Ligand code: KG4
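One chain follows as structure tokens, the form predicted alone.
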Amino acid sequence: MPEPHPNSAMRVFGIETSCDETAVAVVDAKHGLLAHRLHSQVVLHAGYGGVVPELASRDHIRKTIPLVRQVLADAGVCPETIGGVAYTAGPGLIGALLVGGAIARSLAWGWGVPALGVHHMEAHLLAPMLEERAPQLPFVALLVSGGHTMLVEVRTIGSYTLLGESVDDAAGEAFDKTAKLLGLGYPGGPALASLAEHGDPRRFRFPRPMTDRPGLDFSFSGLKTHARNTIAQAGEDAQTRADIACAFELAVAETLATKCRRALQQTGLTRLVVAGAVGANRRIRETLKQVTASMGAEVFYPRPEFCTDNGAMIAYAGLIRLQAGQRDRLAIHARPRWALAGLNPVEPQAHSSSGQT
């Protein structure tokens, strides 16, 4: 195994290939994000109505190395100045993870620097740290994406307490399924949000699941069923579809807001971090802003382009852990399932906020 690079605390290369986006970035401990690139596979999978794992893996093989070259050129850096390579080790699609892991591990070996497999959801959780207005620890994190919806208490990086999670469909999954019921294309979440802009929020009222009982768990599968029943009863003309989309989106936003309010009250914290692709939804952002403001709390987001999967968050999460002295051996780590609560904590003095871009 290569010895740690003498500049290993300074500059980290990140590779993200957990699902249907190939992303690469360089983050510097002093200067922040130097460059990032992303290739989306939306067009590749659109005809299938969802991600085809084998096609995703093959596309990562084609696109990762060209993106590596482009990001190095964009950043104006050469491999000799890279101090470490971080890659998404999980959770995600096993084939896609192995592609990114193999390329990252090979680059690290060739460049003579350490490599580190990063937890995808921890990277999302830390993405707001890349912003100029970065949150201070401790905080409550709402991780809300196509595959995950969870509330996490974050006292220090790597020390996570799960407060609540979805017992069935994640919020993003419910968005996609409801969009399909409405005859919308892939990806469904953004399409539904766009349609909801034209809806009347007063026409239909969808349930706010699990808000009438204690606890911080979520359930969104019933909203999809409610949408199906509403479509069957009310018809599918253009305005009705927009009204249903609006009612669904509002129900998700208010459900998330109710649970976030409870989580802040339960923990006594006053900072909320929202990360994951669904966190880019405008109505959800507005609702959470109103709720936190009414409590005297603050809400923090990454910029919209860093809500979805991206290389910058992987590079930053890797930077934090490489600075703390963590390293992987030569094995490539790929974990389709990986509990966030099982990560090793990082000592507070190792934290680095790279709010510059």
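All values derive from a computational prediction rather than experimental measurement. Each residue number is its position in the shown sequence, starting from 1.
The form predicted together with this ligand is left out here; the points below concern that form.
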query	finding
This ligand in the model of the complex reached by all of 88, 122 and 328, non-hydrogen atom within 4.5 Å	no
Answer option from 277, 272, 93, 126, heavy atom within 4.5 Å of this ligand in the model of the complex	277
Sole residue of 189, 209, 101, 83 within 4.5 Å of this ligand in the model of the complex, by heavy atom	189
Any non-hydrogen atom of residue 146 within 4.5 angstroms of this ligand in the model of the complex	yes
Partner contact for residue 255 in the model of the complex: this ligand, 4.5 angstroms, heavy atom	no
Residue contact check: residue 169 to this ligand in the model of the complex, 4.5 Å heavy atom	no
Close approach of residue 59 to this ligand in the model of the complex, 4.5 Å, heavy atom	no
Listed range touching this ligand, judged in the model of the complex by heavy atoms within 4.5 Å, from 151 to 159, 172 to 180, 68 to 76, 197 to 205	172 to 180
Within 330 to 347, the residues that have a heavy atom no more than 4.5 Å from this ligand in the model of the complex	none
